[in-house]
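Shown here is one chain on its own, the form predicted alone, set out as structure tokens.
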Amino acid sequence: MTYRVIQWATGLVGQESIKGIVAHPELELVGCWVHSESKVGMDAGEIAGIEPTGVTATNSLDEICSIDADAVVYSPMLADEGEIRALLASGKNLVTPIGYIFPRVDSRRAEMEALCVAHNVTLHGTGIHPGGITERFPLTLSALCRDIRHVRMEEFSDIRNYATASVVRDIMLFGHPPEVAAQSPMLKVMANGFLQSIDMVAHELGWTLDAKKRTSHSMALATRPIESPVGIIETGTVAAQRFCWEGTVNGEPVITVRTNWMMDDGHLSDGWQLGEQRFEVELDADPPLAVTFHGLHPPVLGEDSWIGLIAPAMHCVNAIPYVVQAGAGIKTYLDLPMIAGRAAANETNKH
């Protein structure tokens, strides 16, 4: 069976999603929404850097809603609840890497759940961190353990792979004095997803968490000028940041999520070091278990940064058949069967 899919937004994640949809043997790309006027009328394949697909990009929500499609991969920079509601109301299942991983039970969730049920569609949040490293994989690994006492999920990324100054300097606040970078909005911006991850892990493992999560933001400074794609990071300005979220029980941390973003390895204050880019999942349990994920970051610093966005895009794309087959409502990893990718197509392996 072939599922008809629309790609919403064509940034780097969206471009990788288009490639994934085209390569997936059970999916057919039938629509493409773009934010930029300059992309309107372009072929989706041209936008993604592949062969033409015959799908013309539009920036009209109404046009997208009118397309006969089974699912939408919704991957803009920021979620717009109005867009999500319109897409669901048009009868399309929706998979997104920005939110809805494990939304808390409140009136907004109840309204979204009711909308899904009314139109017989499913909403599924996924991704990589959050959206995989922080909940799906630790829960899978936990099946090998007993007496789980603490779970840690952590990212180590070289921020020199990101060449967008408006994000790295103006929002993340790298290259600024520490008192300026201390005002970074990122702890709050990322909290929504990571706190949902913590809640999912706690829910499934059986912890009743304290009402308030712990958060922290620490920094290291450049000990010499550091060259980067967004300009020189001057000595004494912020060149590394660590954001941390913790779920506690009676004041003791049982779940820890950390994100480490660094501009250099070996020229940072306070002994900070990046090492190899990676994700780590660790369970303090019997037996103690630690797993490191390599290959999800670009292999060459500062080149082919898109490689680091394949995983979040494909976690969406590969979920589509399972989401379309699921019952109506908001569905998390806890509600869906195992999600798998698909083998590469070749002359001896075709469906």
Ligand SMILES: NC(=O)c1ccc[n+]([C@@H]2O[C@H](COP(=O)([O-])OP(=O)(O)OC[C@H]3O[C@@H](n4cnc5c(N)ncnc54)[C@H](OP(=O)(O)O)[C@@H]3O)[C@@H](O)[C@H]2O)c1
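The shown structure was predicted, so the numbers you read here are calculated from the model rather than taken from an experiment. Residue indices: 1-based, along the sequence shown.
In what follows, reference is made to the form predicted together with this ligand, a form of this protein that is not presented.
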Of the listed stretches (35-43, 22-30, 60-68, 287-295), which one has a non-hydrogen atom within 4.5 Å of this ligand in the model of the complex? 35-43
4.5 Å heavy atom contact, Leu12 to this ligand in the model of the complex: yes
Given that this ligand is not shown alongside this chain, does Leu268 nevertheless sit within 4.5 Å of it in the model of the complex, heavy atom to heavy atom? no
Touches this ligand in the model of the complex: Leu309 (any heavy atom, 4.5 Å): yes
Using a 4.5 angstroms cut-off on non-hydrogen atoms, would Met77 count as touching this ligand in the model of the complex? yes
Would you kindly say which of Ile233, Ile128, Ile159, Ala220 lies with a heavy atom within 4.5 Å of this ligand in the model of the complex? Ile128
Scan Gly247, Pro97, Pro138, Gly175 and let me know which has any heavy atom within 4.5 Å of this ligand in the model of the complex. Pro97
